[in-house]
Structure formats: structure tokens, C-alpha cells
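Here's a solo chain for you in C-alpha cells, the form predicted alone.
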């Protein structure tokens, strides 16, 4: 497998959710959305907190993150540094080196990090802390109906530590009785879910795996791109990529940032920022949201 990033010269089965789990998640979401907004903290900034964000995909990424930083500083009374890296691995390494305090990570790296981090908050998308993997093909391919029709094609993965962009499609191939490493004629990593969509839309790949939240958000802001692709397979639902804090953080600081996220939707300025990234808010979440990902990891002897 060629794991080098793709160069794009032109413009990242487990059982489906049961009704009982759905009811639990609705209750969890409703309870969190009843919280009051976090008050402005009066104490002066004592140090800088470093927050890592997943590779962004929206067209105004820099403006959005700059606005997010200013808003956090105002609400928390602390200096905030936004840290971005090109891969999930780099973010994980910074957490291990204690060079990052908080991070928005994929569910797959979250389970890899194990006891190094604490689950702080899970985003709500369409009212639920859930998302899927989409398998997409160029819109001109009207015959393919799933991964079974993409054998010996060129396939784009998002990141080797992405659930929806790497782990799930490999697991789905395994369930079909094939070996993921031999299934496609060629594979490559784009290191971005948006670039997976671009690779498929432009014909660099005959198929790709992408985060449903990102594909659907792109469909709202760049429909001219997503309309050049077609979804042929949807995974079961998994817990949405969470916000985490380093395990050794001061508990008071952890609680302040957690409360900021959980109450952000109640503040007009916070709600506006959430709308810009197509999210409804945050809930505390639960480690069992990620049981489906853990099951897939066990299949590949990842613990």
C-alpha cells in the first residue's frame, strides 16, 4: 500500500443502534441542552491552554478558528492557543508529549490514547452524538452499490487513524471474507476527509471513505463538489469524534473547559459559532458510545 499523501493539483458490520440506545441518547442530549450558559470568569489568565483541532474542511477555516479562540478567551478568562496538525498521529504525539492540553480527536485515536486522556464532551450532530462512514464513488458510476463492487479499483482513504476514513472500510472488507490489504488495486491517503471527496469527484480515485458529517456539511456549503460523488454504502452509527483533555490536567481547569463546551449552545455568540461548523452543541458523552469502534479494533488485534 502506498501511504504517501495524495497530491491533488486541482481545486480524512457492527450492529445498528437499538431503539433503547436511541432513547438513552435522546435523553442525554435533552439533559445537556437544558444547561445554562457558562458565566464569564473573573480571574485573570494564569497560563495558556493549548487546544488541538482536527483538520478543518470548511472554506473559512482560519477565520472560524480565530473567532473560536477569541470567544474562548472571553468566556474562560484564559489565553488560548489553537494547534493544528496535518494528521491525527501528530495530534496524538503532542498529547503524549504533554504539549497539548485539549484536543478534538477522532473516535479511533481516542481509543488508542486510552488512559492518557479523559472524555470531556461529545458534539451533537442533528441532535445526536453520532455519525457514520460513507463509501462514495464518482457520480458517473451508476452501477456500484457497495464496497463489493469496488474490488481491484483505486481507493482513497482519509487517514490511517480515521475510523470512518480507514478503519470501517477495512472492517467491512474483512466481513465480506476478503483481506483489506489485497482488496484494492491501489490505495492512498489524502490526510483530509474533504480531499477524499475531491479525489473521488475529480477521478483520482474510483471510490473513497469519508466522514458522513463532513460530506453532509460540504453538501451544504459546496454542493458543486459533493454532487460529483454518490454515496453507495453507509456504515452503522458510531460515537461522534470527542473533545478530550489530558489526564494530568488540573481538575478545575478540566471542569471549566468542559462546562464551556456543554453550555456553549445557550449563549448567542456560542450558538452562532456552532452553526458555522454545523453542530448543535455538546454533551458529556459516555465511553460506551465507542463500543462499535472498539469491536472493529479487536478484529485487527488493536487494543
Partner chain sequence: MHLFNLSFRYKIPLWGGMLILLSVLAVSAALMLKAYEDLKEDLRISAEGLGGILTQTLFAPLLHDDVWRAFELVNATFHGGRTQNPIQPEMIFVVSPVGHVTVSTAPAELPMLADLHTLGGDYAELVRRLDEPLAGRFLRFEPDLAGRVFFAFPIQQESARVGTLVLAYSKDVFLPRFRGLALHGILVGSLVLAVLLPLNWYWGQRMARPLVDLARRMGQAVHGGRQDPPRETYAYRDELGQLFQAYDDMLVEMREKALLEKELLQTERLTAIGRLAAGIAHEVNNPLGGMLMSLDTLRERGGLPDHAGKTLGLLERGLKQIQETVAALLVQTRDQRRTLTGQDLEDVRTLIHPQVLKKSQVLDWQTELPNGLDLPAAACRQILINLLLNAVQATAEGDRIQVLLEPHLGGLRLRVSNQAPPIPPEYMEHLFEPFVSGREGGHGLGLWVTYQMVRQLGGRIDATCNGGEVRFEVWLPRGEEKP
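Since the structure is predicted, the reported quantities are computational estimates derived from the model, not experimental observations. Residue numbers count along the first chain shown, from 1.
This protein has a second form, the form predicted together with the partner chain, left out of what is shown; the following refers to that one.
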185, 188 and 204 - do all three of these have some heavy atom no more than 4.5 Å from the partner chain in the predicted complex?
yes
Given that the partner is absent here, state which listed stretch (196 to 204, 168 to 176, 139 to 147, 90 to 98) has heavy atoms within 4.5 Å of the partner chain in the predicted complex.
196 to 204
I'd like to check something about residue 154: if you look in the predicted complex, is any of its heavy atoms closer than or equal to 4.5 Å to a heavy atom of the partner chain?
yes
Taking the partner chain in the predicted complex and a 4.5 Å non-hydrogen atom cutoff, the residues of 92 to 111 making contact are none
